[in-house]
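Take a look at this single chain in C-alpha cells; it is the form predicted on its own.
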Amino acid sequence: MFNVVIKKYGDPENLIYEESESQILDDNSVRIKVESAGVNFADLLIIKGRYQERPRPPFSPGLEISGIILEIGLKVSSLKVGDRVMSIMKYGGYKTEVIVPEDNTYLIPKKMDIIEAGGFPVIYGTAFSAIITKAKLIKNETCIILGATGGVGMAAIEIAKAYGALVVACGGNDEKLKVCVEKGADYTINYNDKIIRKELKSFGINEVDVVIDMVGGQSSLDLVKTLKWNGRIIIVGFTSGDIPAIPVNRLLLKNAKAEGLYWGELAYREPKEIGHDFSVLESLFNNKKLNPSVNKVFQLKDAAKALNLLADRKNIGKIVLRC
C-alpha cells in the first residue's frame, strides 16, 4: 500500500508519499481499498500540529474516505466484503488502504459516485448536525450561514433550504457567493466590505433564528446581537483565526443559546446518531435536495498540491484525492 505521511509538523511541502506495510485487522473493524479521500481545512491544521486532534508524527492526515471493503473483522455484522462504503477517521485517510471501525463506516448511497462520496461525510455530516441536531431548524425560520462559501457552508445552505428556511449566506468572496445563490441562498452578504446587520435590515430582516458560524471574529459578535427570542448560534469553527468572546448578556436578553460542535469527535462518540443522520442525508440526496460538487480531483501523490489549493481558498466545491 501507499500513503502520504507527515514526519515533522509543518506545511504541505513536508508531506512524503511512500510505500508502507498493511495494518493488522482487528475484530471490530474493516479493511477498505480507498478510492477517494476528502481534503479538509482540518488536514492543514493537523499537519501543522494546530488541530484539536494532535497525533505525533509520523502520521497520515485525512478525515474521510470512500472505497470498497476488502476484509471484515470477526465481529463485524453490518457490512460485508465488496460493499461500497464511506468512513470517518480522526486522521489517517491519505492512504490506498485503511482500517476503520465498523461503527464509523457507512454504506454509500446507491446513486452516489464513489469518488464524490470521499468528500461527502465531513461537510454534510457537520452541516446536518449543526442545523438539525443542534439548532433544530424548522420551516420558515431565518438561518444565517457565516462562512457559507466553504464546503460545510455550502452543504449547510442546501440542508437549510431542504428544511424550508430563509437562508442568508455570508462570505468574503463575491464569485463564491454567486455559487451560494445557485445552492439556494435567498440573500448573500460579503462581510469584507459590508456591515452584516445593516445589510440584513436592507433585506427586511431585523432578527434571525439561527446562526451557523464557521468564521468567528467580529462577524460572529455582530450576529449574536441579531438573534431573536429563543435564537441559536452554533459554533463550528474559527476560520478567521479570531476566537470571539461572546457577550453572554445578549444571550440572556433573548433567551438565546450558543452551542459548540466538534463534529469529528462527535462522530466517534455517537456513531449511531451519525448513522441516523446519514440515513436522512441519503434520502435528501435521492430526492435531489442535495447536490455535492467535487471541484478538483488530485492523485494521492499530489496531496500537497491539493492542500495548497485549499489553503489559497481559490476552490469552489470539494477537493478530493483519487487513491
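One rule holds for the numbers: they count along the sequence shown, beginning at 1. Because the structure is predicted, anything quoted here is derived from the model rather than measured.
Same protein, other form: the form predicted in complex with a small molecule, not shown, and the subject of what follows.
Although the partner is absent from this view, Leu300 stays clear of the small molecule in the model of the complex, with no non-hydrogen atom inside 4.5 angstroms. Although the partner is absent from this view, Ala42 contacts the small molecule in the model of the complex, with a non-hydrogen atom inside 4.5 angstroms. Under a 4.5 angstroms non-hydrogen atom cutoff, the small molecule in the model of the complex has Tyr262 among its neighbouring residues. In the model of the complex, the small molecule lies farther than 4.5 Å from every heavy atom of Gly184. The stretch that touches the small molecule in the model of the complex, counting heavy atoms within 4.5 Å, is 239-247, out of 104-112, 85-93, 131-139, 239-247.
The contact residue chosen from Gln23, Ser20, Asn308, Asn315 relative to the small molecule in the model of the complex is Asn315, the criterion being a non-hydrogen atom within 4.5 angstroms.
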